[in-house]
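Presented as structure tokens, the chain that follows is alone, the form predicted on its own.
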């Protein structure tokens, strides 16, 4: 098999914020379709589309009321099929978001489940006895200090929800739930999708005893603590569903555990997830020592399992890395790092524009988890509507939108947009950068230096997190293939790197 998911680069699209063609201020599937040429020009290999299912939108699509349909806000199934066809025609793979841990409380399954204790679907969700003043355990829900339980007055029981009360957890110990959720995968696989990003996939297996969280971690949401052996058998069965289809269908798991050794276990022995997000690097500060530790830990924990790493700097749940790191120079150097480490990079739409989080006034905030800023709409051109049609977008624009839009940056060869394109081109041309080995090289403490090699192809990468020039001598003669600031590209490497600069060197 080609294992395209090892060599490729995945581009995440949050559809509400990508591009609106209907004029209602919310991005849609047709908007994604209208910008595919931008993605091809940029040089990515696959797109991951965040949820577009029917939903009451309490968690903006992660509360699913129908896994097998498109919410009219985003278009129709015909729009999805057209998007998928156009992506494949351009050589782009398509991953869709799958939300297996919970549904919306408006899903027909839950509406039937909560109707009575005798409902045929009662055990499709996690219900427990108790008194109205005391939840079954001390698990905490995400987004708030509230319990992960809600009392249902009609049936006089509690139901479990690791997230919002409007997101009841499915009971994956029930074989009918497993079968029904497998069918939702088949629905999209039959349409031709190339795989799934699987939301909080580590949460689907739970200890049936539902024990209290230890006191020392009781304040942490249970979704960041749940790690039960039952999940692994469930993942193997899900993998079997995907392997029943021709071609290479891929499972990318959101395993929101901040212990890389735990994350590594979800690869199984090559029979569970193909890829799993590893979030500790996402939270690393702009310090070479911290990054060196995260990279070493990833190599140490994943390599013995022959598990392939992933790398991510920004996503729809966290502040953009330009905002976190504090400057465009650092954002540019970070792009060099992201696209040259051993593993599969995931780009979040707008990274290539160097976007920062929007400043969202209290009256415009809508997300229960406070993630509005990183979900600001993408500016496509310099017009007042930024390439969107009609109404004001659902969230405010990010900063510098007059200059930091795709059209303006595309006309400037020195822009961060063109840097991303050069990096993606360099990666595509180099087996070493795509799938090669990784080796740490000697460098000053505030500079990351590593070599990549695949057969006769070699690259050296330097990323400075220093505030002044640093000398980094190397054996042999090297030329600068890509520089984060564009300086000296095509010329010889002279043994020094500038502050907050990234370099890709070739022999």
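What you see is a predicted model, and the numbers here were worked out from it, not measured in a lab. Numbering follows the first chain given and starts at 1.
There is another form of this protein, the form predicted together with a small molecule, and it is not shown here; the text below is about that form.
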Interface membership of residue 149, the small molecule in the model of the complex, 4.5 Å heavy atom rule = no
Flag residue 93 as yes or no: does it have a non-hydrogen atom within 4.5 angstroms of any non-hydrogen atom of the small molecule in the model of the complex?
-> no
Contact between residue 332 and the small molecule in the model of the complex at 4.5 Å, heavy atoms?
-> no
Touches the small molecule in the model of the complex: residue 200 (any heavy atom, 4.5 Å) = yes
Could you check which residue among 206, 371, 294, 114 gets a heavy atom within 4.5 Å of the small molecule in the model of the complex?
-> 371
Between the options 163, 158, 139, 80, which residue brings a heavy atom to within 4.5 Å of the small molecule in the model of the complex?
-> 163
Interface segment, criterion being heavy atoms within 4.5 Å of the small molecule in the model of the complex, picked from 440-448, 459-467, 56-64, 477-485 = 56-64
Using the form shown as baseline, tell whether residue 223 and residue 292 are closer or farther in Cα-Cα distance in the model of the complex, where the change reaches 3 Å or more.
-> closer
Work out the direction of the Cα-Cα change for residue 158 and residue 223 in the model of the complex: closer or farther than in this form? It's 3 angstroms or more.
-> farther
